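As structure tokens, one chain now follows by itself in the form predicted on its own.
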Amino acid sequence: MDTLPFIDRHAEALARLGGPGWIADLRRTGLERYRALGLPTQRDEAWKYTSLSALKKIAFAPAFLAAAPSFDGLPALGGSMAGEACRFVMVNGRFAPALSSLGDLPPGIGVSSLAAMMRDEPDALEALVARLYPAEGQPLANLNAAYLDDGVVIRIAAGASLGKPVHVVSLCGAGLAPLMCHPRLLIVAEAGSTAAVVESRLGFGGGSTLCNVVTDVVVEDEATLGHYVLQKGSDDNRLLSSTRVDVRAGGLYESFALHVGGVLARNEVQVLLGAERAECRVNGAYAVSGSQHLDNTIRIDHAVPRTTSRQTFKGVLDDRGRGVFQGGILVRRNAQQTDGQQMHKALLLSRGAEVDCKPELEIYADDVKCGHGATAGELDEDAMFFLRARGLDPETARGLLIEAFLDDVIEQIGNLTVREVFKGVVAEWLTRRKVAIKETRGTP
């Protein structure tokens, strides 16, 4: 019997999964690599501050082996987002056409179910998969491949421009039995194209769930892609994500991840700047409370000369919440005239909150402009006194300062629609926290 977690029912699941022969080979390779690598532990440097050991005690079953959940309505941001070009909904890793609204996309923009492409366009899908960033050393990405079933493929043709964002909603929830799902996303922005994609990863229900999502992104020459992620889990959701990005000559990849829920979440992003003038902006914000744990692990590979990267993350931590930021910049030996900067700032609202920050610069070239910074502290007492002196109660003053702290990084989102939506999510989190504090204190 398999001693590794998550694969004890793999043979049963495999019998239910279809697809061409090369998909079966990909699943088999993923399983073999996962077995060889094992589940990450804190002995692995990349997982030093995040433990998955508690997951071994939960008997997660593949979601597609269970009955499909029913909905009275979609969670917030699952129903619609103002100005979206289309909405593609997955429930526990599988396309849900009844909840989706693909609309009338402009010429050159394609949004397809991965399972549908396996069935109807296997050759085209194989050509796309062949271009992906390799995943030899990533156990969770290989676990995702072992259960490859469904997801979304977004193709932006050369020169095409998408004015409104594509909205991908991934809902993960369970009933009485713990469930896991492994959605797969593939985004290809061909040469000279411009588009924005929003991923809403949302938990629902009260059961234990594990969502292990892998997103592969290719940004070709002179293309611009905005990729914005909201992770909003419920109390017993675990959201683990791995995003792998390949940016070509003159391409720009702008990403922003906002996390406001879930007992455990990890946002891992690897970007390869593999051609001159390639650029990425990998930013994010998070707000954790209770005993929530959020890990942002970023790795930017400047593989050639004249590439640019920016990382800016801000976090707010309350109660016993814990945040992790691991920001890595690698400048290879011939990658002269690299410009890479990173910054992480944390605001600690309670004595029990904790943040671990590990910025890294690994530089093998001498003509570079690279730097990093990290700060952690409490609310500014002078600012609190200023607001209190103008008649604001403590919780309102505190909320305004927290909102201003996070808004500073959210303002860096290039897409105005997404920027305003994410500001609204932060405001909603602050309102919930204010209500919870009043209930705890017994004040009206």
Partner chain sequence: MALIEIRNLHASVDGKEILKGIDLVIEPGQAHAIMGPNGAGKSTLSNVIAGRPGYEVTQGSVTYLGKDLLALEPEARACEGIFLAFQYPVEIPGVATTTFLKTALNAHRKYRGEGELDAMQFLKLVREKTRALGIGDDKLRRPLNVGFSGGEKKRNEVLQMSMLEPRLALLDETDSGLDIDALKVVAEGVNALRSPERSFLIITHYQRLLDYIVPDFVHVLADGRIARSGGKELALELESRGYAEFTGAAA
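All figures in this text were calculated on a predicted structure; none of them were measured in a lab. Residue numbers count along the first chain shown, from 1.
Just so it is clear, the following notes concern the form predicted together with its partner chain, a form of the same protein that is not shown.
- Think of it this way: in the predicted complex, its partner chain has a heavy atom of just one of D44, E378, E32, D407 within 4.5 Å, and the residue is D407.
- Distance criterion of 4.5 Å from any heavy atom to its partner chain in the predicted complex singles out R388 from the list R28, R388, K56, K48.
- Only one of 392 to 400, 414 to 422, 58 to 66, 34 to 42 places residue heavy atoms within 4.5 angstroms of its partner chain in the predicted complex, namely 392 to 400.
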